[in-house]
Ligand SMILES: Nc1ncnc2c1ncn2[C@@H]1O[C@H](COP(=O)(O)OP(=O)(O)O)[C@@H](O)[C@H]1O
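Next comes just one chain, in structure tokens: the form predicted alone.
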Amino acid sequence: MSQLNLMKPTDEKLYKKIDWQMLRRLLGYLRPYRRYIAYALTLAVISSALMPVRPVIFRWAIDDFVVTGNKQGLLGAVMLVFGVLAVSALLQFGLSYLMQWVGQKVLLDIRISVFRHIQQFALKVFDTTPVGRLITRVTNDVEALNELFSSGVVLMISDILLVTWIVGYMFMENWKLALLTILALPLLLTATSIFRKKVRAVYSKIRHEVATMNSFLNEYLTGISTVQLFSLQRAKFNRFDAVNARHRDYQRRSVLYYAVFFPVVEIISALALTVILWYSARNIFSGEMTIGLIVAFAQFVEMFFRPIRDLTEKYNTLQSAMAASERIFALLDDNRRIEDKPNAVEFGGLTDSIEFRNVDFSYDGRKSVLKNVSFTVKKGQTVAIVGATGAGKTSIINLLCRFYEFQGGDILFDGQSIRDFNQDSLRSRIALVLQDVFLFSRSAHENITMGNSQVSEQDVKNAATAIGADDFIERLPEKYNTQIRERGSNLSVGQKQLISFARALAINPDILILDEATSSVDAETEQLIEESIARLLKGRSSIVIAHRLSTVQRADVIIAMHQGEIREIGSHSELLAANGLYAKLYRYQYGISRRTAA
């Protein structure tokens, strides 16, 4: 199992050499589109072969028609040049369109693959990984591969072919001038090497700052109410300004490198052309060289340096893609998920009981959260779990839903280990209602069905009516089709809680879990919910976690926990009579209520 810590910015790794194994893996995403890649390569070969033909036609037109005054021949040469340009333009259009289409298809495949993998992570991953970093993997890092797939691979081959064709044509025209042109190549390669190293370093830092920015924005916007409550806007702004300033400075540095590099390439190109003109000027009068040849080589020089410059940019694109793909593949190779057994069976529903048998659990493998926990929930029974914050109540729920793996003991459904069941089938029989309700930016109807096609409109209506949510939903502008804003901002806390109850009850679960589910609603709404639950829990096993002991007194069994251990089990009256932990908690809450009332 991968122990990758996604908190560590792998953005810092600089590629001095191409990781060919990773590149092969990356290019594997092109396999479904290899037919279109073959078409693109064919277009690239033809296009790169046509481009150096133009200087040859110019040399022929000048020497054979311009010098001799043959207007008819010159017109034919001009038409031929236009024909070559037209065909080249069509080939370039087809090549660009085809590669952009393939590139977007591949990006879609990668993005879906990454998102699907993130969905399968165990919750433990999200406990230790900033959400902003995961968002960066799906957005920025995948987008960094855009140029590689849309124009990088095939056009790199096209540029290499173009340089080869140009060199071949130059040597066919005049080998001496060809050698003079190539003599400028060491200067260009030196400038390119320096530029590549500088840009590689600054791009790595830019990517790291983008990831930091995404993480900060996600955290800041999620907790905006807390920021405003404590008047932290200025402090948060200063922190964001610092991150933004670093990002700006690195971007400026990259602009500077490009601003220096391109003029250097132009100067080297001009030097090569100057040397050619100086050398050929002495040979024109002797008749060894012609004006048409000089014009042709002037065009060859311009053509020769352009693909080399483009190859430098595409090499940087390749390195950027390598860094992005390393982060993407590191995430895809991270198998921190809860796997089903190969022979896992479908959970058909609870028929007898749920049993925690000597369960030990730790989130980090060091500090125990649950210690030797054992209890049984009979079918149709309501069990309440109480205790101070940190006692381990929510951890029991996390294990019951199999969000985490326990280290010791076992959890049994009808005498069979929870690990013997398929996770999806198990969770489909469990409804969980939390204190912090999460609603999606969808309609009220969709927030209740959660995309479950087996939940009919009548099921939604019945659940909402039974729980008391139908009254306020019918008063919404479009009733059940009213769009809920992000995180339910257009609903009250109580209304959001009622929708979460309707969501839970609509699937007709075998097991209902309420984790502080009524702590955020007013007394009237709480009473409505409790009355509805009392009718609907018949025939279901339920587990209720609450700090407010008034909500658990009618439970069949109450479990009092302290520091991850079960201290007491019994009914409300039995635990009060035992005068232990539960009685202490009860008297403490009653005492607060009595003093408040006074």
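Model, not experiment: these values are computed from the prediction. Start at 1 with the first residue shown and count on from there.
The following text describes the form predicted together with the ligand, which does not appear among the structures shown.
Novice: Would K393 sit within 4.5 Å of the ligand in the model of the complex, counting heavy atoms only?
Specialist: Residue-level check for K393: yes, a contact with the ligand.
Novice: With heavy atoms only and a cut-off of 4.5 Å, decide whether R234 touches the ligand in the model of the complex.
Specialist: Flag for R234 set to no.
Novice: According to a 4.5 angstroms non-hydrogen atom cut-off, is Y363 in contact with the ligand in the model of the complex?
Specialist: It does: once the ligand is placed as it appears in the model of the complex, Y363 has a heavy atom within 4.5 Å of it.
Novice: Looking at the partner-bound form in the model of the complex, is I276 within 4.5 Å of the ligand by any heavy atom?
Specialist: It does not: once the ligand is placed as it appears in the model of the complex, I276 has no heavy atom within 4.5 Å of it.
Novice: Of the listed stretches (302 to 310, 410 to 418, 225 to 233, 363 to 371), which one has a non-hydrogen atom within 4.5 Å of the ligand in the model of the complex?
Specialist: Only one stretch passes the 4.5 Å heavy-atom test: 363 to 371.
Novice: Tell me, which of I194, I112, I182, A388 has a heavy atom within 4.5 angstroms of the ligand in the model of the complex?
Specialist: Comparing distances to the ligand in the model of the complex, the residue within 4.5 Å is A388.
Novice: Among Y169, Y404, F121, Y257, which has any heavy atom within 4.5 Å of the ligand in the model of the complex?
Specialist: Checking each option against the ligand in the model of the complex, the one that comes within 4.5 Å is Y404.
Novice: Determine the residues of 108 to 138 with a heavy atom within 4.5 Å of the ligand in the model of the complex and present them in sequence order; the list may be empty.
Specialist: Counting only heavy atoms within 4.5 Å of the ligand in the model of the complex, the single contacting residue of 108 to 138 is D127.
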